[in-house]
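Just the one chain here, laid out as structure tokens, in the form predicted on its own.
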């Protein structure tokens, strides 16, 4: 029963994280594009006149798509047409099952691993399940009975084959590096002998907690820099994001595979794209940037200095929050009466919010965090690791947006040439060199 509740709570955490990130990324996409293109971006939707710099727009989108008419083509394949968007979304949500967002958390004397399913073939699970998303795209393109949607499905198939191979080659090099990695001392008893499996994601992340030459984090990007470039390029192609959005190229095939979808079915494709972005960001952070690992601060160090670290963190939160609060209140005073409506109150609301955060941190200092006990230190270490994972996740999710609004779309022949003529030879060379170096060492 406890195992069921533990697993259910971890699944719930990941689901909330994914769906929350989807909403935030939709807003970040619009405001980021506006910032890059030197324009204002969405700022019209409001609740009681409060617009919150466009944050209300994702809420408005949900209601708009929920109540839109569901128009369906007459000659569609009814079953496959209806299944396709659900399959794409289900694949996006299932991939997170094996991604660790921390090592463990102590609850009532029990150590609970912070991963929903700690499979010893976790890497194979990632590659297998992620590939299934292409089936949903193909089904949508073919079942709509439209030549443009069919072309989008065909493009998705060719793109997946071209870049899935390169992704696998990049990850094999990473597995070679960490497959014989010794289990960290503080996790040896907890993870057991099966921890030696080189395909287990908890192994790959724990191995990145070591230091090279005593000062450089042994992250995947350090030991496999070429593999990282190949992997992140393949991830961009797998998520159908610019400059690899050929399956839905508006200037070529109208809207691609989801051209004939509307209402909530289109919303599922739309949300699945951002869910896949979060997946891609999580995989890049997990495989090449240490996952939940904090540079130079492994869990034993976090627990040993939890009191001082927590105190410093709270003091930093107070100072930063007060600075932001003062900036917002200063803006409210400077722009008083600028719009003549509810927007004039928004800077003041922002200042009040940051002031509440500062007061909360001050309240934490009153509780004397420097005297935190052993149980509190263990909980602090777990929360810091989860926070580190989320920060890396947000950064790489923003990188997806940054690249989309910076690089133009490749032509189809350029896409294929990059995958087969450039990335495949580089992936094979990287694998061979890695194997030779490891054999010599």
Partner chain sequence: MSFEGLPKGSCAKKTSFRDSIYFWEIVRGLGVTIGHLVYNIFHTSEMPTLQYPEEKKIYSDRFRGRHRLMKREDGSPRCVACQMCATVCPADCINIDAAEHPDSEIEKFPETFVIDLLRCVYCGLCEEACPCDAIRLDTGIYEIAADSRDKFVVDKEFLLNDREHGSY
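A quick note: this is a predicted structure, and the numbers were derived from the prediction, not measured. Residue numbers count along the first chain shown, from 1.
Form predicted together with the partner chain: not shown, discussed below.
### Task
Within 4.5 Å of the partner chain in the predicted bound form, counting heavy atoms only, one of 53-61, 40-48, 66-74, 377-385 shows up; tell me which.
Checking each option against the 4.5 Å cut-off leaves 40-48.
#### Entry: Non-hydrogen atom contact residue 390 with the partner chain in the predicted bound form at 4.5 angstroms
Flag for residue 390 set to no.
### Message
Is residue 411 part of the interface with the partner chain in the predicted bound form - any heavy atom within 4.5 Å?
### Response
Yes, residue 411 lies within 4.5 Å of the partner chain in the predicted bound form.
### Task
Flag residue 331 as yes or no: does it have a non-hydrogen atom within 4.5 angstroms of any non-hydrogen atom of the partner chain in the predicted bound form?
Because a heavy atom of residue 331 falls inside 4.5 Å of the partner chain in the predicted bound form, the answer is yes.
### Task
Tell me, yes or no, whether residue 394 is in contact with the partner chain in the predicted bound form, where a contact means a heavy atom of each within 4.5 Å.
Because no heavy atom of residue 394 falls inside 4.5 Å of the partner chain in the predicted bound form, the answer is no.
### Residue (of 14, 418, 22, 431) lying close to the partner chain in the predicted bound form, criterion heavy atoms within 4.5 Å
Of 14, 418, 22, 431, the residue with a heavy atom within 4.5 Å of the partner chain in the predicted bound form is 418.
### Query
the partner chain isn't shown here, but in the predicted bound form which of 355, 362, 229, 297 has a heavy atom within 4.5 Å of it?
The residue in contact is 229.
### Message
Since the partner isn't included here, can you check whether the partner chain sits close to all of 81, 86 and 267 in the predicted bound form (heavy atom within 4.5 Å for each)?
### Response
No, the whole trio is out of contact, none within 4.5 Å by any heavy atom.
### Query
Can you name the residues of 399-414 that have a heavy atom within 4.5 Å of the partner chain in the predicted bound form?
The stretch 399-414, when checked against the partner chain in the predicted bound form, contributes 402, 403, 405, 406, 407, 410, 411, 414 at the 4.5 Å heavy-atom cut-off.
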